[in-house]
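The data below hold one chain only, encoded as structure tokens and taken in the form predicted alone.
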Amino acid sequence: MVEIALSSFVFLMAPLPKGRPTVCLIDSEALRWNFRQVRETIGPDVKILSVVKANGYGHGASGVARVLEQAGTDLFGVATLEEGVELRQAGIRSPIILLAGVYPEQVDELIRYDLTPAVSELAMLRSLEMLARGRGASLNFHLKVDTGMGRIGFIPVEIDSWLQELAKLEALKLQGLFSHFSHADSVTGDYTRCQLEVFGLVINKLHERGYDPPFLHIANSAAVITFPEAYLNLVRPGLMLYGIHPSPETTHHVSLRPALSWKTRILQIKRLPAGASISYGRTFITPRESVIGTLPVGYADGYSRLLSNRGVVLVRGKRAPIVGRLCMDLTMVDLTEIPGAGLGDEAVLLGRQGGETISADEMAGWADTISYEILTSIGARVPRVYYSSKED
């Protein structure tokens, strides 16, 4: 670790790659801490499916999965076949569920990489059965039920028709049954309980017909934290694994540690007179003589253009406002109120510096979006560097 001391505070940072200094630091100890909070909350008898889709919510799927596999997760959840293949090629051996479904032409890769598809409608169920049977292969699958999300999944009132199809399966093996809460950020309320009740009725109907899938799951991060009735025998934490609370109501229930910090360094500093325009479109005119710093990060890195003239970064433990339109590769900040700011100083886009913190939720508020989008939008050209704060 490299220690950097400034006049008002001391902070630690992991070794950075040479060259362009824009980087995300991923704290593996924070990931392990958050995973332990899940385990302690649900107890020893409920299994954990760790959701690492969308490049591990922007944290780097392979790196995150290695940490969580070592921490003891039972399964992983991704969205697409390509995400599942990436994990297998990175050496991940735990079961991997493709939560957003698959396509018939992907059956050979499903078999080759031992991936488990989610199936949400009859045509796909029939196609996968035919294709797997033709190859003399056996394929596990999880069946998705739409209990009120209105997105994908079998409709509960049509259960008799799709139960008839399940009875015809030979190559496909029903390994799991799952659904998805509509109120993903806060699962308290009558609608959520209604969804769980509908899911329970489907489970009972399957049991009556002799089906006993090993995995039953509906609980997301919010349900893990606040809705024990939804645990069943498997939970699907996502956002909370990365240290972000799904809603303000959950912050008092469990202690989480954000795992990602996004940092760069000041590329250039210039002193401009009052009346100078900054960036495209002249959306910011300096109201006084100003010190303007340029950062090597832009919307091509996933740093949202909506932060223009709205967001801030941290420099020397103080907040520096973004001024002018954020560019594809560069962002300008006002350093006038930060004495001593210099070329090469660290600028924190997301995370902590000294006594100040910029959270994913705060950044999302500036961009009028949600923390999920902030994290998953961080681009591939931003390196992810893994370290452990336990070593500090």
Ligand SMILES: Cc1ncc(COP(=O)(O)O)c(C=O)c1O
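Numbering starts at 1 and runs along the sequence shown. Since the model is a prediction, treat every value here as computed from it, not as a measurement.
If you look for the form predicted in complex with this ligand, you will not find it shown, but the lines that follow are about it.
- Although the partner is absent here, R282 lies well away from this ligand in the model of the complex, with no heavy atom inside 4.5 Å.
- Proximity of P237 to this ligand in the model of the complex: non-hydrogen atoms within 4.5 Å are present.
- Using a 4.5 angstroms threshold between heavy atoms, S221 counts as touching this ligand in the model of the complex.
- Of the heavy atoms in V38, none are within 4.5 Å of this ligand in the model of the complex.
- For a residue to qualify, one of its non-hydrogen atoms must sit within 4.5 Å of this ligand in the model of the complex; none of W33, W262 and R352 qualifies.
- The contact with this ligand in the model of the complex, taken as any heavy atom within 4.5 Å, belongs to L99 out of L99, L172, I96, V145.
- Checking A54, I338, V51, M363 against this ligand in the model of the complex, a heavy atom within 4.5 Å turns up for just one residue: V51.
- Segments offered: 301-309, 125-133, 237-245, 107-115. Contacting this ligand in the model of the complex at heavy atom distances within 4.5 Å is 237-245.
- Contact residues in stretch 371-385 (any heavy atom within 4.5 Å of this ligand, taken in the model of the complex) are limited to Y372.
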